[in-house]
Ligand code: ISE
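For reference, the chain that follows is the form predicted alone, supplied as structure tokens.
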């Protein structure tokens, strides 16, 4: 486990206690005290560097800060280690392309990307139900965070947070994006000067479906993700079905989680189990490095749209390795 922050710690505990076929043997973090605490808890060793961890492990999970993903993923590919890399693959297109190129040079897929919503029961059921309501015309997405845990920047909202929607809508629709436009308006009270929050991201797919994303990272009241598909013969609404509705004291409602793990804990567990199972078979699971590159291309086009207006999304031809 490279990285023992919130997501790395959650993954390590899940792998050690909930996932069959895996053992957490090594952890590394730039904060050695934090790494040591997790290692003591799980009975693992602390590696002095990411390089030694990779050399000592059969497989690697990358849960470090975004800017380190590409470099560490390439180290894992060079060592031919099956790897689950948290999203995004990289914040910039050039870095993401380097990872794809390294895997293409290797000639086989070893990298799985942590777009865990592909394993979420709500999204899985939503995708399966789309044919029952006809042709998708519009997809409405809501992604609200209680607060921005790493500081709020408009670019960071798109490359780190809304990138989940950029991936999951491609997956839901089996379609590619053609264009993107970001609309900004009145910022919320906790938005730093010169940044925008909330934002509306409007994408058009190659087949003409409109995809709308509300990205609001300082919504304050809690963490909420919703998705509605408007189709030619009906609609599908994935709301808060994962929560219990409480009726008591003359009120109806439910608790809203503060953080993402409260909503997507089962998705992360299923993602990890699928990755471990695939690794034992010499395969990968879920999203690929190619999916990560496409998401980063789209997110960077969205960042440019804030100041430059609508942007065409130019994705290179998909290599046969990712067919």
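Numbering follows the first chain given and starts at 1. Given the structure is predicted, the values throughout are model-derived calculations rather than measurements.
Keep in mind that the form predicted in complex with this ligand is not shown, yet the notes after this line are about it.
A heavy atom within 4.5 Å of this ligand in the predicted complex is found for one listed residue only; from 83, 161, 141, 154, this is 161. With the partner omitted here, the residue from 188, 239, 234, 149 that has a non-hydrogen atom within 4.5 angstroms of this ligand in the predicted complex is 149. This chain is displayed without this ligand, yet in the predicted complex the stretch 141 to 149 from 141 to 149, 97 to 105, 191 to 199, 120 to 128 comes within 4.5 Å of it by heavy atoms. Although the partner is absent from the chain shown here, none of 89, 109 and 290 has a heavy atom within 4.5 Å of this ligand in the predicted complex.
Although the partner is absent here, residue 26 is not a contact residue: none of its heavy atoms lies within 4.5 angstroms of this ligand in the predicted complex. Contact annotation for residue 116: at least one heavy atom lies within 4.5 Å of this ligand in the predicted complex.
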